[in-house]
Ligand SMILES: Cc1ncc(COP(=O)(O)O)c(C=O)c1O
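Given as structure tokens, the chain that follows is alone and in the form predicted on its own.
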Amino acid sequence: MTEQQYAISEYPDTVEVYTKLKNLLAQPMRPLRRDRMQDYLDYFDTRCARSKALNDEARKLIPGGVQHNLAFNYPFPIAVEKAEGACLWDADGNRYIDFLQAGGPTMLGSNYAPVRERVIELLQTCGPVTGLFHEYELKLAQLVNRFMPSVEMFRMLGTGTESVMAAIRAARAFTKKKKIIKVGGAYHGWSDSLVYGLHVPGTGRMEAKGIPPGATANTQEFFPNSLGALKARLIFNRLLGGTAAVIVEPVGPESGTRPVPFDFNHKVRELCDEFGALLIFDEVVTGFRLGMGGAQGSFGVKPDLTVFGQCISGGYPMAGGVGGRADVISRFAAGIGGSGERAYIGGTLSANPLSCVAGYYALLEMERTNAPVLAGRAGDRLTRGLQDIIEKYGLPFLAFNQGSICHLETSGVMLLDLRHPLRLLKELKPRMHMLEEMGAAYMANGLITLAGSRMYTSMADTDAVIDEALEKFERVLSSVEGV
């Protein structure tokens, strides 16, 4: 195999990033001017009538009117009818540059034809699911192992949430320990034990409605980038029987919104080794996006377990997985042959032929085209352009990126935490609403982002696409109060 290339051309200076983020929080908010915001809201009323009608009907049967958290957009969700390459089209025929990219997994761009053709070919012969073994289960596992040698064995599942659940269960079964430590604010799916310290560091069970206290009794968090706090947790846990695993998003919580220093993962690896805990990398977003070797290849750190999401199938449905050390992964039960020493997991649609063939050919195409690096270059171009716009208008905002994972911080809401509880209580809702308005303004100008602050670029984002996007971003950012 040729030497792998990675998407991060220059790792962000985390000291500079946090200095600018603290400055953003220290200043009064700079929302959009009210007259311009009204223009953007008028877009939804006049240009998105069918989306609104569909959502109004959906609310009668679907809580909130949509089935996926990413679709909750202000003032109402748009209904998508077509996806191709770098763009989406809604039910009213409006075109958008797509920086959501299904939440990250579609590195090749949406509905990539060479992969789609392989999926159609499979559907004409085998069908999407049989409940039995298929050759592409093996071929996909072999490919993942080739790209990420730390994945000695691989178990495919249905979602990233399931994969995190399985990783934690395997870690506990292997180590015979209970405690799991995560970084406060990180997102690892919605399983009972990980809805803890969700989004906002220090909040513990604040979002754990409907989850019994016992489900999170062995989950702990530490504030982002605080290696001292992590070590203190590990020392204390040793007195209580030890720590089963530390789980991290390797670029930092919420896909690098709170970025980690480059050597952070190396130091977490050292602490895990010192205290006998397993290290779990949640690569639901970074897997293959930062390079075919994932974040672990980019950082040069070998985790014990790696969690995957839809990146494992190039964005096709019912896909996730967990891989890692053979002695840990072999703890999973498979069918009736499992013993009491093994961790039971399952899934009727896990490793279905459709997902496996899509994943196999998507990964091969990503390797052939060098998609992670091309997407990273697009992310660099987008970020540089956004920072130029910010400087042009003298705004306190900040743009930074980790390859094709791009951040545009305008309200600073993601940086609030319980170390400043009065600020959190006072500013959470207004800063969140400002971010919702920014997201709506971007969409009214033909840009789809993740929650108005994060963008994922893909191989389909050519220089022309990025330049068009920057013109649209400038229209919005030039209408901020005080400009």
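For clarity, every value in this text was computed on a predicted model and none was experimentally measured. In case it trips you up, residue 1 is the first one in the sequence shown, and so on.
The form predicted together with the ligand exists for this protein as well; it is not shown, and the discussion that follows is about that form.
J.: State the residue from 161, 369, 226, 175 whose non-hydrogen atoms include one within 4.5 Å of the ligand in the predicted complex.
T.: Looking at the other structure, the residue within range turns out to be 161.
J.: Within 4.5 Å of the ligand in the predicted complex, heavy atoms considered, which of 316, 154, 400, 187?
T.: It is 187.
J.: Heavy atoms within 4.5 Å of the ligand in the predicted complex: which stretch among 167 to 175, 291 to 299, 215 to 223, 188 to 196?
T.: Among the listed stretches, the partner-contacting one is 188 to 196.
J.: At 4.5 Å between heavy atoms, is residue 350 in contact with the ligand in the predicted complex?
T.: Outside the cut-off, so no.
J.: I'd like to know if residue 282 sits close to the ligand in the predicted complex, meaning any non-hydrogen atom pair within 4.5 angstroms.
T.: Because a heavy atom of residue 282 falls inside 4.5 Å of the ligand in the predicted complex, the answer is yes.
J.: So in the predicted complex, does residue 98 come within 4.5 Å of the ligand, heavy atom to heavy atom?
T.: So residue 98 does not count as contacting the ligand.
J.: Indicate whether residue 310 is a 4.5 Å heavy atom neighbour of the ligand in the predicted complex.
T.: Output for residue 310 is yes: heavy atoms within 4.5 Å of the ligand.
J.: Heavy atom within 4.5 Å of the ligand in the predicted complex: which residues of 226 to 255 meet that condition, in order?
T.: Counting only heavy atoms within 4.5 Å of the ligand in the predicted complex, the single contacting residue of 226 to 255 is 249.
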